[in-house]
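This document starts with one chain, in the form predicted on its own, laid out as structure tokens.
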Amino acid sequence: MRESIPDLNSGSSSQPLTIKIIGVGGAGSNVVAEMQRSDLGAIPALILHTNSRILNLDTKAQKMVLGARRTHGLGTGGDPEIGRAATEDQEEPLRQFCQGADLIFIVAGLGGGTGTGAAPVVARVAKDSGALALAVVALPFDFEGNRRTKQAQVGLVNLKSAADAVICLPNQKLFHILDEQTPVTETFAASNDLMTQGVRGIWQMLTRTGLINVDFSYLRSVVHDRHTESMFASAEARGEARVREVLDRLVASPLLEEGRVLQESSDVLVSLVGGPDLTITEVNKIMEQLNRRVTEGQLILGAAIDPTQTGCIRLTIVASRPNRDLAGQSVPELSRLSPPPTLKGEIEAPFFDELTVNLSQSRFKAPPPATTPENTELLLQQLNGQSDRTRRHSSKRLKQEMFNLEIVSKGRFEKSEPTIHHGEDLDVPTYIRRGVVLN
């Protein structure tokens, strides 16, 4: 039976708003499993992975193994092309889960094989089912290597082309938020919590009754087919100065690049949650300050009341920048990615072929540098000044070899006079006349 969340913003005659969550890959599955243990547990959820072992999570979410015939339940080996193909094998059951949903959150971590390859396919299936597809993704840390970083960038472009909007969390920015002594486990837990906050902020905006409600149809009109990349941040404060403090913490967030994202945004979703003591004056002060910073875009406010948040204000911002990546560009195909190499004790290895850029070529070609006997002698003298080891290697490289060529007679020109020009016999090969050493 389809579970749904009542649309508290509309009258009783309206259809209920149905929201679903799909976790893709290892990171997405872990985040959705955590969501199911929180207040978001009322939302129907599905987790997807090519590795059947990772799906052994303690969660009430539905589970689906992708491409079992391809991967035999052992994962993609970091290849997003396998993740894409494995998901396409499961399109029909995936479409059945998406059926009837108005809004589908796609949660994933980009950089690996399953999340990077599968998330765009999931977003496409969600949109084909008639739902609004919003992706919430995390980008890898720098220390995870260039291969995962580049793979995540390509996956992000593909995901933006398929989903209506993508809320992006660069994990590297967590270094500006967390203490240097934060354990690794807590760091990844913080990343999962931020992704959860992104989903919760929009969910509360659409479903919680309060001072100011946002209708889903308005959100759809703003987001549908925009294919934008969004940044988000959240902050909370308590006490008498909670309005000023929550704004200061939010604007100073590295996730919003200390406020620069707000200035460049085309649309800004604001989810304001407070207790029963939240006043309209406090809401007005917050929106006045945000209006001063969002100079180009429009603000969409949802203000809700949570009885458990007495004395507290929680502010969540989702800011969408104008999409510059897809304008006038072809979207990279995951099939262009070469399979990941076998790593032998190295953290990083070349993964992508260099992109060929067709630039207008000049018809002028510089002549080769002149090589004279004097230059050759100077080069040999420089080589002789190197270490014995370098000289031995150099001597091997510069050793003159005899080509196994058949000596051909000049025939009827045998008795002809040599061609002399400026004192040089032009019948003698140039490399012999100039003393050029063949490598």
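Because the structure is a prediction, the values reported are computed rather than measured. In this text, residue numbers run from 1 along the sequence as written.
Absent from the display: the form predicted together with a small molecule. The rest refers to it.
Though the partner is left out of this view, E236 does not reach within 4.5 Å of the small molecule in the predicted bound form, counting heavy atoms only. Heavy atoms of F141 reach within 4.5 Å of the small molecule in the predicted bound form, making it an interface residue. Looking at N30, you'd find a heavy atom of it within 4.5 angstroms of the small molecule in the predicted bound form. The shortest heavy atom separation between G23 and the small molecule in the predicted bound form exceeds 4.5 Å.
Of the candidate stretches 279 to 287, 312 to 320, 105 to 113, 124 to 132, only 105 to 113 has residues with heavy atoms within 4.5 Å of the small molecule in the predicted bound form.
The contact with the small molecule in the predicted bound form, taken as any heavy atom within 4.5 Å, belongs to T76 out of T76, S271, S265, T87. Distance criterion of 4.5 Å from any heavy atom to the small molecule in the predicted bound form singles out R148 from the list K173, R148, R200, K160.
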